[in-house]
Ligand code: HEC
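Heads up, the chain below is alone and in the form predicted on its own; it's given as structure tokens.
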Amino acid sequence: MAGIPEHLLKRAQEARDKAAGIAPAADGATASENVLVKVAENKPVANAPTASAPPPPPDPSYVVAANSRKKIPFWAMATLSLLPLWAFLYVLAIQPQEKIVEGPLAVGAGVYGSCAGCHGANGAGGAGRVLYQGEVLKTFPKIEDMLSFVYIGSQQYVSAGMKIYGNPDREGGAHALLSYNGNPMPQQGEKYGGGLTEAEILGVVCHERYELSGADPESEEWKAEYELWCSPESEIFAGLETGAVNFDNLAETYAAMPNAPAHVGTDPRPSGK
């Protein structure tokens, strides 16, 4: 069989290259070579390294610390929102409860303002005797003696020829009349021109004994006296307020009561008589 001329093969290859968009080789290379070159140019090289972006800079230390810090639990904010309320309730809890004062002590606290000029706002004394820190209780172990002295004043004792008042065996010595700064104890009872009723005198004496001088109404020593004379339920105080009794007759009026009161009277007399 006769062979195909070379020039015909070349012409057919050029036609195919033209149809495939392959330019003819300028240097006389064959069409096959051109095809191989074209394929080689278009084929990616296996395992060729690809260009990559540079790594980002490391985070600052404070960002790292913030990201690694333990997160606040979801319930913590609700708990924190209650802190102001808790603080308010805590302050209320630690504040001392206001003492409710009634009866003779309430009356006496109001009356004592007229006594504070001589005896001091807290009973520390001044022109008049010291009343606080148990001093009143040493001078007048019995409330009846103190009531009488406050009611009629020291001048009535002097006029009666008496030298001392209160407990003659007082710790630290008995109190002599008119010996403290030379100032007398003014009479407070209405009978002698004073401005206080007998109920008010009982009230201020209770205030001086239990609030200023520190007698404990719950103690064995003072409980009976407090309940009889100075408690809000005191029948004696109620009787003096209404005028049903007075210092001269209350001992007889309440003689049948437990721990019946001793005579008070409105005349000078030795302590405890």
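This structure is a prediction, so every number in the text was calculated from the model and none was measured. Note that residue numbering follows the sequence shown and begins at 1.
What comes next is about the form predicted in complex with this ligand, which is not displayed.
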| query | finding |
| --- | --- |
| Among the candidates P186, P168, G195, G110, the residue which, in the predicted bound form, approaches this ligand to within 4.5 Å (heavy atoms) | P186 |
| Within 4.5 Å of this ligand in the predicted bound form, all of V245, A251 and T266 (non-hydrogen atom) | no |
| Contact of M146 with this ligand in the predicted bound form (heavy atom, 4.5 Å) | yes |
| Partner contact for C230 in the predicted bound form: this ligand, 4.5 angstroms, heavy atom | no |
| Contact test in the predicted bound form: Q156 vs this ligand, heavy atoms, 4.5 Å | no |
| 4.5 Å heavy atom contact, A121 and this ligand in the predicted bound form | no |
| Heavy atom contact within 4.5 Å of this ligand in the predicted bound form, the stretch among 220-228, 204-212, 233-241, 52-60 | 204-212 |
| Within 4.5 Å of this ligand in the predicted bound form: residues from 174-190 (heavy atom criterion) | H175, A176, L177, L178, S179, Y180, N181, N183, P184, M185, P186, Q188 |
